[in-house]
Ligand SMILES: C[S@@+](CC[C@H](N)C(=O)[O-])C[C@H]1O[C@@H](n2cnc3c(N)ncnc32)[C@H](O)[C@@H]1O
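The chain below stands alone, shown as structure tokens; this is the form predicted on its own.
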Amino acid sequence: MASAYRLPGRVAEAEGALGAALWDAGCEALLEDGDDLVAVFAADFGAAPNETPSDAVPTVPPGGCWEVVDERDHVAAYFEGLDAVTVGSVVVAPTHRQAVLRSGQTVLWLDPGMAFGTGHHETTRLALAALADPGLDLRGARVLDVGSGSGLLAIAADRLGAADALGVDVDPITLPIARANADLNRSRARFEVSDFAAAPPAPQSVDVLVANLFAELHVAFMDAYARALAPGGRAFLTGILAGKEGAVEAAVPASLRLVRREREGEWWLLAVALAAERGA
């Protein structure tokens, strides 16, 4: 038996500080269960872990509850329940499923692991739909995925024609996972461990930027997004919980204009664009 720590409604924070804290606490896997984030630990802390000696129970972020699970069955059931997800011309499929494609569709093989982004969550679907939009021509584009996690969005950009697709993430544990996913899909997408806030890309070096983060990070990064975009460039910002989109919109600087608002469930995607000529 094993133990699981469930954080209701927190799945969108898995790629940020919350997910990092759970990995630091020693969890073996992070799973999406609807909007709940579930961290699986190999040890069995019993039905009442708070009564276990304090040095045996990991220190985890507050707001969750402990459950006793069969680790093997829990993870296996999660995998078995995953089906292929179709978003426009992109089909994201786990390797244990068969993918049936229509003309013009591209399949991305991706199994969930210790980094998030399988295409099943609304935020990932919103970002994929933006990249696969027929009105967006990625051919020859330089694409940056901020908070790349599993690498799905950078890989999708590469498969959709980008000349260069780079994914950056602050969590080093995501790097081998993203690279393995790129190899699985024969993708040229590159991945680096990098803190976007501390080491933003060179000015005007990005044609398309995609970031599946939470609202507060988008607010903090907005000026860096604007500096990174080349003239005519676009940034697709998702992971924004309903009710917080106004704060992100208010942070859009004068150099950018809001060109798109999309909502799925409780989540928003905002798209901003830089004028074709700087200062225009």
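These numbers come from a predicted model, not from an experiment. Start at 1 and count along the sequence shown; that's the residue number.
We do not show the form predicted in complex with the named molecule, though everything after this point is about it.
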Q: Report yes if any heavy atom of residue 129 sits within 4.5 Å of a heavy atom of the named molecule in the predicted complex; otherwise report no.
A: no
(Q) Quick check on residue 221: any heavy atom within 4.5 Å of the named molecule in the predicted complex? (A) yes
Q. Is residue 207 a contact residue for the named molecule in the predicted complex, using a 4.5 Å heavy atom cut-off?
A. no
Q | Non-hydrogen atom contact residue 174 with the named molecule in the predicted complex at 4.5 angstroms | A | yes
Q: Consider the chain as shown here, without its partner, and state which of 91, 138, 170, 182 has a heavy atom within 4.5 Å of the named molecule in the predicted complex.
A: 170
(Q) So if I measure heavy atom distances to the named molecule in the predicted complex, which of the stretches 243-251, 212-220, 34-42, 225-233 falls within 4.5 Å? (A) 212-220
(Q) Going through 149-164, which residues have a heavy atom within 4.5 Å of the named molecule in the predicted complex? Please give them in sequence order. (A) 149, 153
Q | Cα-Cα trend for residue 24 and residue 147, given that in the predicted complex the distance shifts by 3 Å or more | A | closer
